[in-house]
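Next comes just one chain, in structure tokens: the form predicted on its own.
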Amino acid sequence: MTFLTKSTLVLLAALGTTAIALRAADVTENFEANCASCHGKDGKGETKAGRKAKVKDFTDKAYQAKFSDADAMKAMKEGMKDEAGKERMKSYTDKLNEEEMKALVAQIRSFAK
């Protein structure tokens, strides 16, 4: 019985590690598919679209300190508009679920480390 328990634990640990790796891959894929065209793969926002939309540099720790996870979630859920009411960022509720958005917030946070 002890052997089965240890084997089961090893298997579960391996599956958990695989799930975490897949999850990280999914987050990267989601960022690249939905965010990188403006924010850049590196989070600096130095793309043509990013400069046009005046996106913030996610690698800037001072900027990161100014906005909360709730602010980031709100931007993904509701989109963002400039002072004139023109859309700067669309809502992603049709493409991303709550868990995916939370994972993207963690991804955004990782750029400033």
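One-based numbering along the sequence shown. These figures come from a predicted structure and were not determined experimentally.
What follows is about the form predicted together with a small molecule, which we do not show.
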Indicate whether the small molecule has at least one heavy atom within 4.5 Å of a heavy atom of Glu29 in the predicted bound form. no
So in the predicted bound form, does any heavy atom of Lys86 sit within 4.5 Å of the small molecule? no
Would you please decide whether Lys54 lies within 4.5 angstroms of the small molecule in the predicted bound form, comparing each non-hydrogen atom pair? yes
Using a 4.5 angstroms cut-off on non-hydrogen atoms, would Glu46 count as touching the small molecule in the predicted bound form? no
